[in-house]
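The form predicted on its own is given below as one chain in structure tokens.
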Amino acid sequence: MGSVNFDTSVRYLSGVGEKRAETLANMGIYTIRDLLYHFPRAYQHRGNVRYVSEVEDGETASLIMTVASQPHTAMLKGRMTMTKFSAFDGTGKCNLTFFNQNYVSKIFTVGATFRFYGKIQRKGRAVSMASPAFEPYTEGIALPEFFPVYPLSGNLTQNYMGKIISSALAMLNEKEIEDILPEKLVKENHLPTLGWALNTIHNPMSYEFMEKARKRFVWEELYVFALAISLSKKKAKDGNAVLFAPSDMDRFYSVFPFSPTNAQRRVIGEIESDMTDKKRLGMSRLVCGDVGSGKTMCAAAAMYMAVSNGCQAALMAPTEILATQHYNDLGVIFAKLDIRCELLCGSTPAAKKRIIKKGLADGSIDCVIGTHALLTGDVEFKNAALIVTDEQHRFGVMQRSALGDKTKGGHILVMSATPIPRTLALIMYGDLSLSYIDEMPPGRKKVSTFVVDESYRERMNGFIEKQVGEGRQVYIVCPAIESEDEGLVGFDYHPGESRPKLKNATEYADTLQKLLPNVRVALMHGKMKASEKDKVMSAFAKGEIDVLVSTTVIEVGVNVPNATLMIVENAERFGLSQLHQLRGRVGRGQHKSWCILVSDSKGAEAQSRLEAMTETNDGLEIAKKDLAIRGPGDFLPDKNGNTRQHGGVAFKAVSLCDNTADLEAAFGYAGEVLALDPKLDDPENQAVAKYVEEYFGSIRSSVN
């Protein structure tokens, strides 16, 4: 088999048949580039070799041992098999068990030495491991220090992903890979070649090399992001939106069951000024505000203004459940204003979709609220003049641009519940005017926040039971999904650092259900299908679930006023802005609410960061502290927040950016390139132009 290049289909690789190619496609992997940019989510540190005498129960480690007894296989119930044998090092013996792996009997011969990696079980002096990973060991021959752990889907395994990625790396013709980074950027930041970085990110030999490769891809993503944002700014400036006449806002306010805050009135006034100012080319405004600050009312006001001027408006949310929530809230308001509004999502019945699409095309429907379903080619508007996107950080520039292209010189309003410090917002969204809703509606209760350690576990479980007994509901957020996440290391891990054991959502949910049998516990995580997550979240919203154990996928979710307790495990692993977002899930109703941050971290920095959460509920102040401590990574689009289309780069390393200066510099490099080549037409920019357009859409097309 000959060499391959980035554009070669993965079907070219041995072991990728039709079914596996389909599974890979569902993960966004079509080409060799897609495959090689499918970075490990973490690594097994198999170079962490310990002695049998020193390992502790529950620890994940490597043991270099010699097989002491011949493996014996026994049949169990349900046609299962169990193969057992013992091995030893100079300090003790370990019993090893493998289930349904009869073939190991031929591998583990007495006297052979292996490196075994897995979870240790210890009872007194008795040490054992169940189904550990293993490799033959020969004195003097080094084994890999780290083993990559990849995001998976379907029936794909870690061994399979590692095998096809290694195959692609071995065949890759590096000479045919065009480096998308400007030579100046590479030299000034001492970055490695793309080929070296790709090999190293998948097979790092040390923490130092791992960090060097990570740095390369952070810069790559920052540069592409900066180019796309810069091009979109230029495109926005070339726009020419419909000029609106002032609307009767007293009529709008009269149908609301509550009076707007001064902050809401100010922001609505800024929106109206944008859309009625002859000197402007149209509105492009970002509205930031904490969860519950009233951004939706501002969006509704803008949509009302559009309809009052004889135009249509669309609101796009990142999830179906959030779109439905907006529709349920705004549909009633719009009905009182004689505005016809419809909901268009992926699950909308086909017949209903046809009716809605016809109504949008002929103008009989004034407003539509939906998800990415609004982006499909057959959704056409008669005269849409306003596009609203909710949770802006969840959409890439491509989605924002694609929906904007459906309007004829439309106004753009974007909203985010992640307060973004002004300096960072000017870099990322310089094409947008910025509004902050810095006042909460009256009656919104402050969420009491506490930081505790593991010693409070029994009291916390009692408090959970008490809240549920009073008819309330509880969120519990864990950083990991399954126990396989234990013992892994990644880019944010520092050698020698002592870290508290990660709580995983799957095990936590099972344990809690056993401890509290009368409490209805459910599990939700990012590996579940969107429909499955929506089903769980809907059941929680209806009160059919008492305690929802989840990963951070509940950051942007349905409004559950009855939820009064948020518990965040391993809180030191989250950014402050992320913790603030999670805290915003409770305190939305009439009942007193609490947020408990659980951390056994002894680090002074982690403790001071978490204490900051107990001192203020002001999202903007927290965001400023987060930016100063962790850098801009938490505010940038990441691999969980952007829908990726075939062939494009996914944001995978950029969320690890810890230096605002790097982001600013990336915009500087992008500006220098665009000053000389505004459309990226020059031969040396063709590679990066393809990168930008495949991910962000045809941003260059309207740049003059």
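So that there is no doubt, residue numbering starts at 1 and follows the sequence shown. None of these values were measured; they are calculated from a predicted model.
One more form of this protein, predicted in complex with adenosine-5'-diphosphate (ADP), exists but is not displayed; see below.
Contact annotation: of the candidates P260, P71, G282, P421, the single residue with a non-hydrogen atom within 4.5 angstroms of adenosine-5'-diphosphate (ADP) in the model of the complex is P260. The contact residue chosen from G363, P144, G331, P441 relative to adenosine-5'-diphosphate (ADP) in the model of the complex is P441, the criterion being a non-hydrogen atom within 4.5 angstroms. Comment: 292 to 300 is the region of 292 to 300, 348 to 356, 517 to 525, 461 to 469 lying near adenosine-5'-diphosphate (ADP) in the model of the complex, near meaning a non-hydrogen atom within 4.5 Å.
Within this chain, R588 lines the site of adenosine-5'-diphosphate (ADP) in the model of the complex, having a heavy atom no more than 4.5 Å away. Taking the partner from the other structure, adenosine-5'-diphosphate (ADP) in the model of the complex has a heavy atom within 4.5 Å of a heavy atom of Q264.
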